[in-house]
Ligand code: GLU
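Have a look below at one chain only, the form predicted alone, in structure tokens format.
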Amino acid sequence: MKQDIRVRIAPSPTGFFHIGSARTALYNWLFARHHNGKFILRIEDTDATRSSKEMVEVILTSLNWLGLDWDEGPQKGGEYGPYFQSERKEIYREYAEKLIKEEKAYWCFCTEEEIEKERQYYLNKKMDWKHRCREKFTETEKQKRMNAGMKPALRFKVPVEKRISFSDIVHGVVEKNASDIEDFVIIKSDGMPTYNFACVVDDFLMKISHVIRGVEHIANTPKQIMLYEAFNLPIPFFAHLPVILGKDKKKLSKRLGARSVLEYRDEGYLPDALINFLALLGWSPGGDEEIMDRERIIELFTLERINPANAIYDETKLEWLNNHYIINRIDEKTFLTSIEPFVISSGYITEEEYKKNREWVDRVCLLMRPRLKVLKDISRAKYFFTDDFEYDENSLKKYLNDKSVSLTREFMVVLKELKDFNAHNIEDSLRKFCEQKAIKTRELIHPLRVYITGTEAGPGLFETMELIGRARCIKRVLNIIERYEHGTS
């Protein structure tokens, strides 16, 4: 009988939802959609002091913005809830009692100080040490400690004679001697379960078929397998995803990609572009295919094509991909709707002014569109909206000289007399002017662009001039010339 595919993403609401978590969620979602399975969202909020409702909201908002819809979990419900671990304490208690009853777990009455002292003792003697305190205290001593207010932790009794082996879909066979694993805590002294214990109980009860998660969890897997075996439960398949490193081959820093997913949204990355980029951070479809929509990625996605080697985060590639999506993968209406909040947040135009001049603003945005790596780059279009913008000093020095000033001053006379001030007529008049002067068009185009926009780079000069308007173009050029002639540039 074919197995039902059920996978999950189980983030902790203790911090922002970062790019690594997003990729893990994506791979689970792709695997579920490829196999017509279920994608479950579970919130691992057992750390009461660090978890917050605000961070839960960040997780939900991030997944919704990325379009990674979950089939069961918060906001959706499902027959295997609750989907917050903080609401499942009674379930964990029942499973813990099973282990105690079968003498597969025991209460640990050691203090943190005693454990650290013991650890240091073995460390100083350069001896291997794994904490086990199964017979350390008499019942009288245990009672004495409890009377003094101590709350013990529950530890799993590791079957030290075992050798744990499992086949990871990404990394192949992984083996570990149980004797190398300490009697790990499964219920903390505050009554909350540890990650390894809650994870096993929840994955079983939620019928998870494949556990797809970051490679940092591969060390936890032998512990979890021992718990599955202790409960006599079926063991899911495991696939551990490679680490994402920066281009410097080091752990991602804030400067190099370790940002909240919502920061990418707020900078103006398109969710489909980010999904495409994340899909290729460790997985390959085979061949040279790189730009793929969701349906294509779902069609091609398999766990077997995940590379166990560390993935390299390349922001330049992400920007290139996002630019491609801005230009080619969304229609004009979607683009204009998407960029509107970025134009308003730039501060160059109010929402009311935007509505009043929508046609003109839309033309500015469409002209800038091919040059936008992210939607927030529309802020570089300041010179369309106001005369109060900064000039690039190096560009001014490059193109402020007697010849350029003389040529542009003469050309302003031509512009003043131009009948219709549109891109076609501006270009035509400039080319005729340059022909009469026996100069190359770039000798006038480059200084004009700098005088009018403050920079050497930008969209087509003639279209730019049309949108800025005759009066403002001439005013800017003459202001620069005046500054030059008075020695203030």
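All residue numbers are counted from 1 along the displayed sequence. For clarity, every value in this text was computed on a predicted model and none was experimentally measured.
The following text describes the form predicted together with this ligand, which does not appear among the structures shown.
Think of it this way: in the predicted complex, this ligand has a heavy atom of just one of I186, C199, L241, L227 within 4.5 Å, and the residue is C199.
The single contact residue among M465, A22, A10, I480, judged by any heavy atom lying within 4.5 Å of this ligand in the predicted complex, is A10.
The stretch in contact with this ligand in the predicted complex, judged by heavy atoms within 4.5 Å, is 209 to 217, chosen from 375 to 383, 318 to 326, 98 to 106, 209 to 217. Although the partner is absent here, F166 sits far enough away that none of its heavy atoms falls within 4.5 Å of this ligand in the predicted complex. At a distance threshold of 4.5 angstroms between non-hydrogen atoms, Y195 is in contact with this ligand in the predicted complex. This ligand is not drawn, but in the predicted complex it has a heavy atom within 4.5 Å of E44.
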